[in-house]
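Before any questions on how it binds or moves, here is one chain, the form predicted on its own, in structure tokens.
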Amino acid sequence: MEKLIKKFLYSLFTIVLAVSALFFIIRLAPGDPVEKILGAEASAVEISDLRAQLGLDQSLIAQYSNFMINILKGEFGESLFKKKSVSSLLSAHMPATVILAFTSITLSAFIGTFLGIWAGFKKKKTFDNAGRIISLFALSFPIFSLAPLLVLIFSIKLNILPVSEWGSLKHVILPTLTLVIPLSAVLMRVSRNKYLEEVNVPWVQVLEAKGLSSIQILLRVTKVCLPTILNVVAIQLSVVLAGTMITETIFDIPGMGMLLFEGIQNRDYPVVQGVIIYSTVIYMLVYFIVDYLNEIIDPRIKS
């Protein structure tokens, strides 16, 4: 129980630190939401009145205090442009991002781990060599260049998948593939290297001496590799959450990434804060669960 409390407090401190840094960074960034709302033709009086109405005429410290008090109350404020509560906007946009992120992470974990372990098992053979070349090729494409390439192949040339919109299984395939390809490549390389590291330790040689089959040894070594793989999967979640903004924008998906992109464009402070807070909480929760699972899988791991 004491360890769980320490982990919870650490996670809470990390969230507060991230939220605080976000608050000051977006307000120190160039651009004024008031001028964005009123336009270039607005008078100085109109700008001053709206800034006072939105509470932006206060000092940063005063704004920060109000912000943190509202967060503790569970209130994220109202969008400066959409005139809707940030909570309602997050609820409306979250399902698409959850589907995209969950599908991408799950497929990447299974594909990357299986291919990586199998490549290590077939070390220096055709499958291993081909896998390393393909994974290196997949890692060389960032999301913003991979997505248009997939659209060109599957939507424009082959005309078998839609380019944009959201609502059916066909709409999920291309954006998911955009995230799965690089994530699987990372997990494949990590899994392969971890397998090769573990397969050469003395206890594996003891298993071989006892007459266990290659498959039995493979399964036992895979279990030992799982904590490392789970940690990488948890870290990759942050990549997915960042990548959804690009992916959702390219494929016109009504998710939190699209909402964040619009919020940054419009300097919509409450929306940007709300999306980042939700993303940070989700990431820390997943990392907390993974950390706990690692101790169950391998009791030697102690926090």
Partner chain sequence: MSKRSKINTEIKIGSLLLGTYFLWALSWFFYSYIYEGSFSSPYFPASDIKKELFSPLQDGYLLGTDLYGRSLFQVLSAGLFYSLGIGLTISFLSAGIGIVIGYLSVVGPRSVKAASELVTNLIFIFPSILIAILVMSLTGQSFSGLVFALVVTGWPGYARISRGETLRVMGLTYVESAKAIGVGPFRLFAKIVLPAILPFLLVHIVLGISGVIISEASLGFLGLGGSEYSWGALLSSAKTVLLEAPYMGVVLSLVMAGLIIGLNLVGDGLRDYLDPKS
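Residue numbers count along the first chain shown, from 1. All of these numbers come straight from a predicted model, not from anything done at the bench.
Absent from the display: the form predicted together with the partner chain. The rest refers to it.
**Student:** Go through 84-92, 105-113, 202-210, 135-143 and give me the stretch that gets within 4.5 Å of the partner chain in the predicted complex, heavy atoms only.
**Tutor:** One stretch meets the cut-off, namely 135-143.
**Student:** Among 44, 29, 62, 69, which has at least one heavy atom within 4.5 Å of the partner chain in the predicted complex?
**Tutor:** None of the other options qualify; the answer is 29.
**Student:** Which residue, 240, 250, 50, 234, is the contact with the partner chain in the predicted complex, using a 4.5 Å heavy atom cutoff?
**Tutor:** Of 240, 250, 50, 234, the residue with a heavy atom within 4.5 Å of the partner chain in the predicted complex is 250.
**Student:** So in the predicted complex, is the partner chain close enough to residue 215 to count as touching (4.5 Å, heavy atoms)?
**Tutor:** Judged by the heavy-atom cut-off of 4.5 Å, residue 215 is well away from the partner chain in the predicted complex.
**Student:** If we define contact as a non-hydrogen atom of the residue within 4.5 angstroms of the partner, is residue 276 a contact of the partner chain in the predicted complex?
**Tutor:** Residue 276: yes, in contact with the partner chain in the predicted complex.
**Student:** Does the partner chain get within 4.5 angstroms of any non-hydrogen atom of residue 151 in the predicted complex?
**Tutor:** Yes - in the predicted complex, heavy atoms of residue 151 and the partner chain come within 4.5 Å of each other.
**Student:** Although the partner isn't part of this model, could you tell me whether residue 292 comes within 4.5 Å of the partner chain in the predicted complex, counting any heavy atom of the residue?
**Tutor:** No, residue 292 is distant from the partner.
**Student:** Can you tell me which bits of 193-214 touch the partner chain in the predicted complex, meaning any heavy atom within 4.5 Å?
**Tutor:** Read in sequence order, the lone residue that approaches the partner chain (within 4.5 Å, in the predicted complex) is 197.
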